[in-house]
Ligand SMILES: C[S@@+](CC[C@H](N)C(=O)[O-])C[C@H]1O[C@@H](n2cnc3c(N)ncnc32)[C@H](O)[C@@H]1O
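Take a look at this single chain, the form predicted on its own, given in structure tokens.
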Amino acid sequence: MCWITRQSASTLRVTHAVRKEGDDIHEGALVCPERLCQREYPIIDGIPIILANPASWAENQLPYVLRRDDLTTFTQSILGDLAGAGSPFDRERGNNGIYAHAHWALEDPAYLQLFRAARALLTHPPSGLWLDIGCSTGRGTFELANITSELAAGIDLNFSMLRLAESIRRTGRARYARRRVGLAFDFVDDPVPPFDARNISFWCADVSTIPFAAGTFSGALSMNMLDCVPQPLQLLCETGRVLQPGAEAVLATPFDWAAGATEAAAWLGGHGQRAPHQGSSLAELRRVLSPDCQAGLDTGLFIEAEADDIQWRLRTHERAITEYQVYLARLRRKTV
């Protein structure tokens, strides 16, 4: 995505709609109309892929894009056994199942507890156009759309999870493989709560370079994303950029830093136990997001209210659950 398009809010144009159903384009392409850009962005399985370097993304995620979804559960089981533990196929199925279960399990999914705590922290119910940053398998986007009765947009870089979210939007059913133990998976096919599919949209995008113009959104969620990106401060800056002046956002994070996602040098406070905050990510976040921050970085946001120790549980398999204590903050976009 060219910076011209992003800063000038030029509207990408649909140039091809190869496969569509009603107003939904399942396969096609968008193009940047700027004379100095003219870059083409694919729409695959109903998901626009809007990235600064789509070629690099394709190089890394092409296997997930090309993954067949017409195989029986029997054949998928055999392929999983052949691919073996720790294979890309095994990791993809496992991760999708972990987050799909957290978002869509019929028995009070873990995500709803976190979402309810986030909603309670807001000064008023979400309204207008909202953004779900790092939407995963999409439950937050659905919940926002139901509350606002307006468009909610979910963005994530993981195409496999986005395809699951988009499938749920189109079919009204959550279909995924959930690890029982080892290489044994149970195949889930559950109905989801009622929703208006017209008010939900999923985009494949980098949360560190959000492909929407400044001041587009009335509010935003960023749920357990801060410690999963290469540049956490850039995520905060982008969140502030796309919000309207005075808008609210909710940030949730367990500060579970991992070098595979974020280099230690970019962790918020958590990599220097001899630093002023002695390795406290929360203390550093509060400093960066204080109204009068003198850090030389203006995210456009400040912390207005907080909640802590909100439970977030992820089921790995039937005998393993990872439990986090999540920190929540209501952020406010500065008006000047």
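All residue numbers refer to positions in the sequence shown, first residue = 1. Everything quoted here is computed from the prediction, not taken from an experiment.
Beyond the structure shown, there is the form predicted in complex with the named molecule, which is absent from this document and is the topic of what follows.
The partner is absent here, but in the predicted bound form a heavy atom of 111, alone among 111, 142, 130, 176, sits within 4.5 Å of the named molecule.
225 is the sole member of 247, 233, 225, 183 with a non-hydrogen atom lying within 4.5 angstroms of the named molecule in the predicted bound form. In the predicted bound form, the named molecule lies within 4.5 Å of some heavy atom of residue 134. Mapping the unseen interface onto this chain, residue 201 falls outside it, with no heavy atom inside 4.5 Å of the named molecule in the predicted bound form. When contacts are judged by a 4.5 Å heavy atom cut-off, residue 166 does not count as touching the named molecule in the predicted bound form.
Within this chain, residue 206 lines the site of the named molecule in the predicted bound form, having a heavy atom no more than 4.5 Å away. Note on the interface: of 95-103, 117-125, 192-200, 77-85, the segment with non-hydrogen atoms within 4.5 angstroms of the named molecule in the predicted bound form is 95-103. Taking the partner from elsewhere, no residue among 30, 151 and 217 has a non-hydrogen atom within 4.5 angstroms of the named molecule in the predicted bound form. Along 143-171, these residues reach a heavy atom to within 4.5 Å of the named molecule in the predicted bound form: 156, 157, 158, 161.
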